[in-house]
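The chain below stands alone, shown as structure tokens; this is the form predicted on its own.
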């Protein structure tokens, strides 16, 4: 595997058996470089979301191999995979999945609490710095249910960043946002890539979103049918 690659998928095939047998992913191979912003696009049923979930280790039933940061995912036990995912990967979804009765600060701290290794003060400090990075530190003590949709999605991104993951995966992260908030989230993701050399892989239907990525991979019938490169990823400096 290239030292530039943080994700390598080789001949990944996934078959559904209900209601009839069909290959939702059909012999897919791809590399994602460190510090690259990649978007997966394709029509409904193309397999793009399944590919994202498989690459992100949320779906582990497939043929072929996936290596993340030099680790063969299939070599990990269930508990080791959960630890690896919590340390290595952050997730941002179309629905923010914040706990409505928890404060913003409490929501952001949850992944750090699951990971362990930090004191309460250290977790709070890291959470506040992450919220400040996303421009919502002033909302830290509010219940998440009191925030606007755009603010909630920024909090969800802060939560995804709390454990300093090497990769952020997203499933339609701007799908429920208006144009203004979509643009804001895109600016944040690009800043994370540019300033912090964050590797980002997202699924989207949004054409404008796709235009902002380094590379757009088109999926159809479970296969990669096209790749469009917009510009080269910034060399990563993260260990």
Partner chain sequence: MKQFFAQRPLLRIAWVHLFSKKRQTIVAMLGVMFGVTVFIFQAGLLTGLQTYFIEKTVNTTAHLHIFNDVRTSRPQVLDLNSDTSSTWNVVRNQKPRDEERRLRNGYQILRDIERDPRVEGVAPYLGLQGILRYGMSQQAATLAGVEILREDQLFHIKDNLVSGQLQRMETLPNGIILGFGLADKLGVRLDDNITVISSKGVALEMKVVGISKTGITLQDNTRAYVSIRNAQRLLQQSAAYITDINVRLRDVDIAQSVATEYSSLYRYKAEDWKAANANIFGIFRIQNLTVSFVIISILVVSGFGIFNILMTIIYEKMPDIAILKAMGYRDGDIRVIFLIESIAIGSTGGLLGLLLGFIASKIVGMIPLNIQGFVSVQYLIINFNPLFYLAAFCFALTATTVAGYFPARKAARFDPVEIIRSR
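Residue numbers count along the first chain shown, from 1. Just so it is clear, the model here is predicted, and its values are computed rather than measured.
We do not show the form predicted together with the partner chain, though everything after this point is about it.
Stretch-level contact check against the partner chain in the predicted bound form with heavy atoms at 4.5 Å: of 100-108, 68-76, 146-154, 132-140, the positive one is 100-108. Contact with the partner chain in the predicted bound form, judged by any heavy atom within 4.5 Å, is made by just one of 31, 59, 27, 172: 59. Though the partner is left out of this view, residue 49 does reach within 4.5 Å of the partner chain in the predicted bound form, counting heavy atoms only. At a distance threshold of 4.5 angstroms between non-hydrogen atoms, residue 164 is out of contact with the partner chain in the predicted bound form. Shown alone here, residue 85 lies within 4.5 Å of the partner chain in the predicted bound form, counting heavy atoms only. By the criterion of a heavy atom within 4.5 Å, residue 196 is excluded from the residues contacting the partner chain in the predicted bound form. Heavy atoms closer than or equal to 4.5 Å to the partner chain in the predicted bound form belong, across 155-177, to one residue only: 159.
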